[in-house]
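Single chain ahead, by itself, as structure tokens, in the form predicted on its own.
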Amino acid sequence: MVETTVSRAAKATSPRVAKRIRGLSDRAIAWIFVAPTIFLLLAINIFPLIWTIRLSFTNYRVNRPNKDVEFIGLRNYERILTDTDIWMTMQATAHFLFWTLFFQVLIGFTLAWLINQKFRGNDLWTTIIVLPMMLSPAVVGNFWTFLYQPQIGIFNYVVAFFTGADVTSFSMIGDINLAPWAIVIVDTWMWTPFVMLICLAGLRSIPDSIYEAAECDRASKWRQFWTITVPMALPFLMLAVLFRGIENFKMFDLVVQLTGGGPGNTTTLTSIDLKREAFERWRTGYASAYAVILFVTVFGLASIYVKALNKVKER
């Protein structure tokens, strides 16, 4: 009989070690296999977080590491929370976050409901709709920057066709009032398919027998939609909002490619502002405090939201 690797390993194991292994429970053996992965995750995630928190209480600058580092307490946090420019950045982020989620949920759920009707060509349209989310944000940013060009971009011509406005009378990424909406449009175009797929999974998880029982009770299609479809798909919809909310709060590459945070600071989101503080102004301690505030904000809001999501699931 051919000697296997397992049998060779068993022969090479000393009797003392073999006896100890035989005495381990299944739970202990499972922890032995899982422990290296957990240790690696802690090293990658927990240590940088603790180090960032430590730096947030200092005036450390990474471009001048040999300079005396002073412990300044909560001064960085005080400066951030009283800085009007940062509050303007927060408002720009909140504007981007709210409207992207609003349009993505509205359009995504509508598309999911239409595709769930199982019409002819259903699979083809589903494939076409999900194409934008397969692209890189950098590619999408460059692509839409070209479309937004007043002279050669097609976007202005489409708007002019429906509104009668002059093609060169406005610039989506060059106007202070239009630039925030420009990034909302692009993010909605790119990530609505993601929301649609999650909502579609929720709609297809609803048993047909529930609709059949509602039809027996002579419930109209409108009533079925609001009493069966929406409540049963709501956990999936909320899950999509959670995923997209966290991702959009961290949005960076797409906005940098489109507007670079301009014109002025109208599209400067918190992630862009944080990058500038850390790697352009080199205020590492200040940027660390900034990052901690953003982390606490996202973690706190996500925790509250997850509790609400769990309550909806329990109903």
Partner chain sequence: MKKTHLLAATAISAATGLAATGAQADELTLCWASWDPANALVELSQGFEEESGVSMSFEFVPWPNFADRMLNELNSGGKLCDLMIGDSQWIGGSAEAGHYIKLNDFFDEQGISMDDFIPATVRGYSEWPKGSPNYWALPAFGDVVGWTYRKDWFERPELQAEFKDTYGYDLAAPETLEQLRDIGKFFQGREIDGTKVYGMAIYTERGSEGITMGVTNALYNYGFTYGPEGDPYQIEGVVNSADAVEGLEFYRELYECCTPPGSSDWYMSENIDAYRSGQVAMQMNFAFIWPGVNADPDVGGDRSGYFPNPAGPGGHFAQLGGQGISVVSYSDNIPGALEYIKWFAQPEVQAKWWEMGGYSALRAVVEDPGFATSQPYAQTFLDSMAIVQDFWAEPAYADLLLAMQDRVHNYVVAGNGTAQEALDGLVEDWVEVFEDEGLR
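Nothing here was measured: the structure is a model prediction, and the numbers come from that model. Numbering follows the first chain given and starts at 1.
Quick note: we don't show the form predicted together with the partner chain, though the next part is all about it.
- Here is the short version: of I173, M190, L200, A240, the single residue with a heavy atom within 4.5 Å of the partner chain in the model of the complex is I173.
- With the partner omitted here, the residue from P150, P132, P137, P235 that has a non-hydrogen atom within 4.5 angstroms of the partner chain in the model of the complex is P150.
- Heavy atoms within 4.5 Å of the partner chain in the model of the complex are found in exactly one of 257-265, 243-251, 27-35, 43-51, that being 257-265.
- With respect to the partner chain in the model of the complex, the three residues D85, T168 and K275 uniformly fall within 4.5 angstroms at the level of their nearest heavy atom.
- The partner chain is not shown here, and in the model of the complex it never comes within 4.5 Å of any heavy atom of D68.
- Proximity of R75 to the partner chain in the model of the complex falls within the 4.5 Å heavy atom cutoff.
- Heavy atoms of W282 reach within 4.5 Å of the partner chain in the model of the complex, making it an interface residue.
- Contact check for R79: a non-hydrogen atom falls within 4.5 Å of the partner chain in the model of the complex.
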